[in-house]
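First come two forms of one protein chain, each written alone as structure tokens, so that there is a structure 1 and a structure 2.
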Structure 1
């Protein structure tokens, strides 16, 4: 009586991955968000202590869309030691005219990973300096995807990676090389910051990864790790000296992003934040001077989850 729920596993989603279309969908989502077209209350969060973990629930509706989506993602970081994946995720797509559930995308967190990689690549492209390497801090899935996706929007540049665990950084570089991409694991974070024009931080850190003074003038930073209260990657005083500060969503960035930490520390005014989507749409035009430091704080937004879910539902339905 309620219609049937189509259940789609990751094995049906992976062959449909098309980076260009995901980039276009996530760009749309960021633009809609900046235009106030997305109903997306603050995400739900649960925190677990024994073992440590978290659950994020993002949900929303884009004005006029036929569907809405609820995305549930978990991260339990001690799973790896037990040979289990750290992240799980699924997306439920509902009919926005009847409320009936239509599709369960059992993506095991991959849709979130891909839309985050796309948002990172779009954020990197905005205000990226013309030269300098792509430097990625972190060695997890999102770091690995950043190294794959950033060349889509930035073009081919030298790629560097650094992580606290040097072995993992070397392994990540080796895996990239086997896939035909040149990635160098650098010996120190200082070296990465010195050589990179675009720096992506993709860690679960709860404290600044480096002092503000170690960031070279002319660097464009994209921070995507701070997705819950208590996480932080960038030093708050880096924002004081930044020429441009962009966010995917102001409310979320203030609630739990690096930007919010900087606002609470008095390093930057909340009014300084420019919506990434407004820059992507061309509504706001920013100019970078050679020595400007610029920052994009990504918290991950429901609009991206809705857009990538809608894209994959469309791809599942058949050739465009």
Structure 2
């Protein structure tokens, strides 16, 4: 029926996943954000303690686009122990000319997971040193996806993984190895930091994972866990010694990112942050010295949800 809402489940979306297209869409989203082309207020957020979890509501519109999107994503961290997925969610796509809903993507949180993995891979490529392993801190879904997506931008580098639960870290490394990637679990976070040139933190931590002094010179860090108030992965004083600090969105990073915690602690000025999209587009060019420490703080932006939803709607309509 004309004007009816098309409801699309994950079983229709998963076969359409094309990493290179998702990377391109997320790159565009980050560039749009840096150019001020995205209307997206700070996200709505609910936080739960018993059991621990959160709900994010992100929404926005890119100037000139014929659709806008509202995304709801949840993460409940004890679900895995119950045999349930940790993430759920959906994206509702509206017509920007009439306000009518067009498509409901019942993606079970996978569009959020994929666009976050793409943003992580893009952020890792920017300012990455030429040597050293890739270190992934965490053992959840986003850590697993980082191991899958990082080779798309960094190539076939050896990967290390560490988590507070050593058994889960070993299982994650084994699963990645069976898929053909060179991944090993390490016994300590200190070992991971010592051996890695690129470090990705993908945890729901509420306190810094390591002291600033344990990060060796020349390390490029991508932190994606501090996506809501109360979360923090990086020590605030690490920002004081960083040569470069990049963010996906300054307002969000100041509100609830690791960068915001560092600004409030007086470790770094808000003006130090450079939009990741400006670097990806070439509008801002950064030079890296061998011993420079660089940080990208990812909080997850609505522009990415808009871009990946639009991409999958296009793919649902047929090949371009």
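Here the structure is a predicted model, which is why all the values come from computation and not from measurement. Residue numbers count along the first chain shown, from 1. Just so we're on the same page, rigid core means the largest C-alpha set that superposes within 1.5 Å between forms.
I need to confirm something. Of structure 1 and structure 2, which is the form predicted in complex with another copy of the chain?
Form predicted in complex with another copy of the chain: structure 1.
For residue 205, decide whether the Cα shift between structure 1 and structure 2 is 2 Å or greater, given a superposition on the rigid core.
The answer is no; the displacement is under 2 Å.
Comparing between structure 1 and structure 2 on the rigid core, is the C-alpha shift at residue 97 2 Å or larger?
After core superposition, the displacement of the residue 97 C-alpha between structure 1 and structure 2 stays below 2 Å, so no.
For residue 80, state whether the C-alpha moves by 2 Å or more between structure 1 and structure 2 after rigid core superposition.
It does, since the residue 80 C-alpha is displaced 2 Å or more between structure 1 and structure 2 after the core fit.
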